[in-house]
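Here you get one chain, nothing else, as structure tokens; it is the form predicted on its own.
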């Protein structure tokens, strides 16, 4: 018998059961009574150790990411765990995948472990197409701090540390345009919070320079090197003419470099290529790829510092923005 059985039998979320166990006042008397009746009927007794031996904290923070094999998220997890450990906190990691139902299930699993806070690494936990799908995060934030790394939700108890993706993309596109590029292809991976800000920066830079935004120069591609290469080959074969490629991730930029090699294009003379995240991949090609450094270490350090301030009762802004840097290498001359 466990908290999941109580949740299912009472017809409430695990978060609600957790609130009842913790004596949280943000539960109606009717719901509290129903949960208590179910626990009595099932003979459920909360594990003493799991409840912190009567203390108010387990000194443990839950971390969620969508894909720990992604280089960006792998680095985020490393920095988050390092900073938490330095502050005396353990962590529990869950890799959720991209489906909403799995994100919610893992979120509730971590809540059932009596974590002191939740850190959601990456922007894919913020559902931008359906605001109500974020309610499970907003409701949980009434009971414990929720920290977002490069995602943003405007609700009490939720604290976001974000890279200024819009400005980073704007600056890169503006520099490419001023260097003479007029047909800039933008290839992106997702419609996440971060992804939409990147795309907006690209569009805004074109508009500011009097260049029409062309839908045929904005393409989505899976985060896959081979797929990016094949996409660009297909676009070129269809007659699309482009003199620069901006991407939302370094893996797509590697695909662009492979495309350039396949077509014997000189970089940056014939084709400029810009990646994003300044990961190790941007250094592993010939020529090396100019890329945007999103300051993932600074994002994670700031996230944990903010969390410690929240634990201490400090006044913490709900949104902290960190500027990115453009790292010029060999695929651009801007």
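Computed from a predicted model, the values in this text were never measured in an experiment. Numbering follows the first chain given and starts at 1.
Omitted here: the form predicted in complex with a further copy of the same chain. The next part is about that form.
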Which one, 100, 240, 74, 211, lies within 4.5 Å of a further copy of the same chain in the predicted bound form by heavy atoms? 74
Of these, 128, 93, 218, 233, which has a heavy atom no more than 4.5 Å from a further copy of the same chain in the predicted bound form? 93
Find out whether any non-hydrogen atom of residue 227 is located within 4.5 angstroms of a further copy of the same chain in the predicted bound form, and reply yes or no. no
Partner contact for residue 306 in the predicted bound form: a further copy of the same chain, 4.5 angstroms, heavy atom: no
With a 4.5 Å heavy atom cut-off, would you call residue 67 a contact of a further copy of the same chain in the predicted bound form? yes
Does residue 254 reach a further copy of the same chain in the predicted bound form, with heavy atoms at most 4.5 Å apart? yes
Considering a further copy of the same chain in the predicted bound form, find the one stretch among 203 to 211, 140 to 148, 255 to 263, 168 to 176 with heavy atoms no farther than 4.5 Å from it. 255 to 263
Honest question, do 193, 196 and 331 all end up within 4.5 Å of a further copy of the same chain in the predicted bound form by heavy atom distance? no
Do any residues of 262 to 291 have a non-hydrogen atom within 4.5 angstroms of a further copy of the same chain in the predicted bound form? If so, which ones, in sequence order? 280, 281, 283, 284, 285, 286, 288
